[in-house]
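What follows is one chain in structure tokens, specifically the form predicted on its own.
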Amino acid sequence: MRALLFTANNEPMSVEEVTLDAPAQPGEVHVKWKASGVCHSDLSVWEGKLPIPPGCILGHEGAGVVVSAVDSKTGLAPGDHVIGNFVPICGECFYCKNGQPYVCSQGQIIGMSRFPFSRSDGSRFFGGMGGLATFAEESVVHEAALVKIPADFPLGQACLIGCSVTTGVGAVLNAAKVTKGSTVAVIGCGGVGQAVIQGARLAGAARIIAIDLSEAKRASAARFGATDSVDPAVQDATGAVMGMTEGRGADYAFEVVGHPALQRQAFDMTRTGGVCCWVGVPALDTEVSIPAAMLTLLNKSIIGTIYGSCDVREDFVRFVNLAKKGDLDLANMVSRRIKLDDINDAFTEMLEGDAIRSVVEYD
């Protein structure tokens, strides 16, 4: 089988033939991936901004079909359609037992503790985030990192629910709890940002302001529900939002890039008593300066969210059903469909181009 190997930060990844171990331990599942989104978080790992070392196979936004499973407690069986969950759920830690499985304390230990891939030279590779390794044609992962979905939904769209849709829509509905009739500003209109915009539309926001340097992404945002747009290269984004809201600012402001200056900008454009939600993940050694007194005196809230603060065991199927009803548009979030060999180019396009989401299709 073929896989894209991540062997060094900021160096092109190579597609090679690798050998995959058969599942052997209880809970291990052999999955044949059918589609994988190319997510900015994979790019951040490759750049060294997120602490997952080389010697692994990246990719965490995948959907596929179960080939086999060993003693599955969740009942996974050959032929089941599944979406990968990059924060495996142990079900036993403090967070899982208290309604926050998206920060499971054992998730990455469960996910990344196995090295099921071997290279021709004998070296072993582990799966990246959650152990999913969706940049390989097949993988062996723990069942805690998989969620069964209805078999009648296209896997080429379902893969987006594995990260971008869940992160963005969940940030709106679960974390910020956007209210009907409100004004929402969204900084960054890539894959997750477009999902935030769709989430705001689902929540009934009256005004949704898309802020992005890319004209193409702003145009896409309008199709997904944005009512207004701002080009920050032409006008000050904070001033523009203030001008649209009688000088108050947005009820909810989302930063979906992962840049400290933009996180501060999202705070500044949030109205008194409003909610600023940070969705993008910057490098771990960065900090943001916020006027401490204003946080108190203006009664603003800053909320961080990972994975849209979702319980994927319920929310994955929830989002599939919303898409089946036409309430979520996943088909048009796919900018282009590519092959495994094209992922390096997709990384470049994320850095320089207008793509919302490139999706790898497997045979």
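Start at 1 with the first residue shown and count on from there. Remember, it's a predicted structure, so these values are computed and weren't measured experimentally.
One more form of this protein, predicted in complex with a small molecule, exists but is not displayed; see below.
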*So which of 323-331, 66-74, 294-302, 36-44 is the stretch with heavy atoms within 4.5 Å of the small molecule in the model of the complex?*
36-44
*Within 4.5 Å of the small molecule in the model of the complex, do Phe6, Ile57 and Ile343 each have at least one heavy atom?*
no
*Residue among Cys90, Val281, Leu173, Ala216 with a heavy atom within 4.5 Å of the small molecule in the model of the complex*: Val281
*Considering Ile187, Val178, Ala226, Met129, which brings a non-hydrogen atom within 4.5 Å of the small molecule in the model of the complex?*
Met129
*asked:* Taking the small molecule as it sits in the model of the complex, is Leu50 in contact with it (heavy atom to heavy atom, 4.5 Å or less)?
replied: yes
*Please check if Cys163 has a heavy atom lying within 4.5 Å of any heavy atom of the small molecule in the model of the complex.*
yes
*Can any non-hydrogen atom of Ile338 be found within 4.5 angstroms of the small molecule in the model of the complex?*
no
*With the partner left out of view, is Ile306 within 4.5 angstroms of the small molecule in the model of the complex by any non-hydrogen atom?*
yes
